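Given as structure tokens, the chain that follows is alone and in the form predicted on its own.
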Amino acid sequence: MENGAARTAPAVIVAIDGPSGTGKSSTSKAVAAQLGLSYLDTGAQYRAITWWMVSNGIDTDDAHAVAAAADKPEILSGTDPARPTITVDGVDVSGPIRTQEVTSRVSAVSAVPEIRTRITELQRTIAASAGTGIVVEGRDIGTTVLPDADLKIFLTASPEARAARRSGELKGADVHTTREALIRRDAADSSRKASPLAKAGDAVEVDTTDLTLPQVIECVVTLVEEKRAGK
């Protein structure tokens, strides 16, 4: 779609949720780029605040210590789907937040209510200021962050398919180990008291197990275009 057409189309807010390895990020970025929408990776924000905690010597297993520091770091997210950026206190952390150290601690930090309140407010502000609309991806967007989103999509896939994708992304990772880690992460994210990973009642579920990435993107683009045409 040409940029001019995208500008004249009604703004649409799209929430894409689901566990790791379902293709959320790749799908969300591609859909946003194709339809002229902004893009927000909310998981990167939780990783960014986790990175700050680790870098500043905060014990991430101490919920009180994490809560006390929740408002300290300044987190800025760039919403261009072609080049999404994230900085903490002015430092580009797009690389450091993907380390195993951060990955292993992000669930614990994300479960702290003060962290979720801080990041949720940030996400709502970004979504509200997106002029042409936005694709927001995460785990609790349709249920908690943007319950009034125009379109909610929940991506799923079998643990085996997700592990294969993740171990492909994490160079040299063992598929079995990755699968076990994903299952543990699912359990932690689904059982936490604050905004657990859950499918919204009005979300469209898309099982990506047997779909290629282009097929998933095409499916989601169609859903968004149908929703936008009806606005």
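What you are looking at is a predicted structure, and each value in this text was computed from that prediction instead of being measured. Residues carry their position along the shown sequence, with the first being 1.
One more form of this protein exists, namely the form predicted in complex with a small molecule; it is left out here, but the text below deals with it.
Under a 4.5 angstroms non-hydrogen atom cutoff, the small molecule in the predicted bound form lacks residue 94 among its neighbouring residues. At least one heavy atom of residue 107 is located within 4.5 Å of the small molecule in the predicted bound form. Though the partner is left out of this view, residue 116 does reach within 4.5 Å of the small molecule in the predicted bound form, counting heavy atoms only.
Of the heavy atoms in residue 43, some are within 4.5 Å of the small molecule in the predicted bound form.
Heavy atoms within 4.5 Å of the small molecule in the predicted bound form map, among the stretches 198 to 206, 30 to 38, 58 to 66, 43 to 51, onto 43 to 51 alone.
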